[in-house]
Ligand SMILES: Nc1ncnc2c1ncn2[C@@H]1O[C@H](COP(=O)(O)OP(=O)(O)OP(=O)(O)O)[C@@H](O)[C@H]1O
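Just the one chain here, laid out as structure tokens, in the form predicted alone.
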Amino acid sequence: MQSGGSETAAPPVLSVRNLRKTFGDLEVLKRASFDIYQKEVVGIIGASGSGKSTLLRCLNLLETPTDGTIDLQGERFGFRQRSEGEMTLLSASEIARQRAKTGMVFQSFNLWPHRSVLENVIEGLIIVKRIPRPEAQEIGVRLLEKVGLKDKIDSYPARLSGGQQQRVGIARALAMDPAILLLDEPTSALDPELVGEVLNVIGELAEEGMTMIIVTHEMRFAHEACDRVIFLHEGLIADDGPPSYIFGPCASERTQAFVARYVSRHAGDSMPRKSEIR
């Protein structure tokens, strides 16, 4: 397996070691270890059931890991080590403080239907960061303009397309000024004609240097927009490297087989140029 990482001497933004997650007797994640560096865009690919979404949810403690450690900006995430070596879960308020450093974009949008677009974006600023409403509204309007939705600030989610709802979700995650943005298959719930508008926003964030982990089934996007790709197979990191490696002839047999299955399903497609995505 080719190792990921960065040549820079700067410490990683996120460091994961031996991360495990079990549900009863089922081991979904099996000792995953990797580092994510500032401004990296890392794609996570793999078959359904390989543990991709579970991994992402463990990274901000929407799922509590069974074992292993997560360090975010040099701070142990979610747990405190007692003097005798035992790890104990932090309080809900401490976890909320840490979780604010990780922006989460869900595949099913998770917007509040009874609140306007602007209210969805600024809720965390007011409740978690305790920013005064006028200041929070200024931030919210700026971010909605960034994702192309300034004209929808007073609309409600039911009046938006799926692509627009997902862009609101991205603005909401960005509002917390996270150290890292986690995106869980952000286009999987969208009609094909709406996928591009969301990928374009993500591509623009990548160009601006946003650190991101993106669980995706869009192989073309992973190939062209990601600096690095992690391939999960049955809960294991089977491969980790730049797209030229993951989608090339030197990747592991498992990786090549997975990519080949994708290519066979999309035989008429070609990999897009970066200018077509970003």
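Quick note: we count residues from 1 along the sequence shown, nothing fancier. Keep in mind that what you see is a predicted model, and the values were worked out from it rather than measured.
Keep in mind that the form predicted in complex with the ligand is missing from the display, and what follows is about it.
Student: Taking the ligand as it sits in the model of the complex, is Cys250 near enough to touch it, meaning that at least one heavy atom pair lies within 4.5 angstroms?
Tutor: So Cys250 does not count as contacting the ligand.
Student: Does the ligand get within 4.5 angstroms of any non-hydrogen atom of Val28 in the model of the complex?
Tutor: Contact check for Val28: yes, within 4.5 Å of the ligand in the model of the complex.
Student: With the partner left out of view, is His217 within 4.5 angstroms of the ligand in the model of the complex by any non-hydrogen atom?
Tutor: Output for His217 is yes: heavy atoms within 4.5 Å of the ligand.
Student: Would you classify Pro65 as touching the ligand in the model of the complex, given a 4.5 Å non-hydrogen atom cut-off?
Tutor: Pro65: no contact with the ligand in the model of the complex.
Student: Specify the contacting stretch among 206-214, 223-231, 45-53, 236-244, defined as having any heavy atom within 4.5 Å of the ligand in the model of the complex.
Tutor: Contact-bearing stretch, as computed: 45-53.
Student: Determine the residues of 167-203 with a heavy atom within 4.5 Å of the ligand in the model of the complex and present them in sequence order; the list may be empty.
Tutor: Only a single residue, Glu185, comes within 4.5 Å of the partner.
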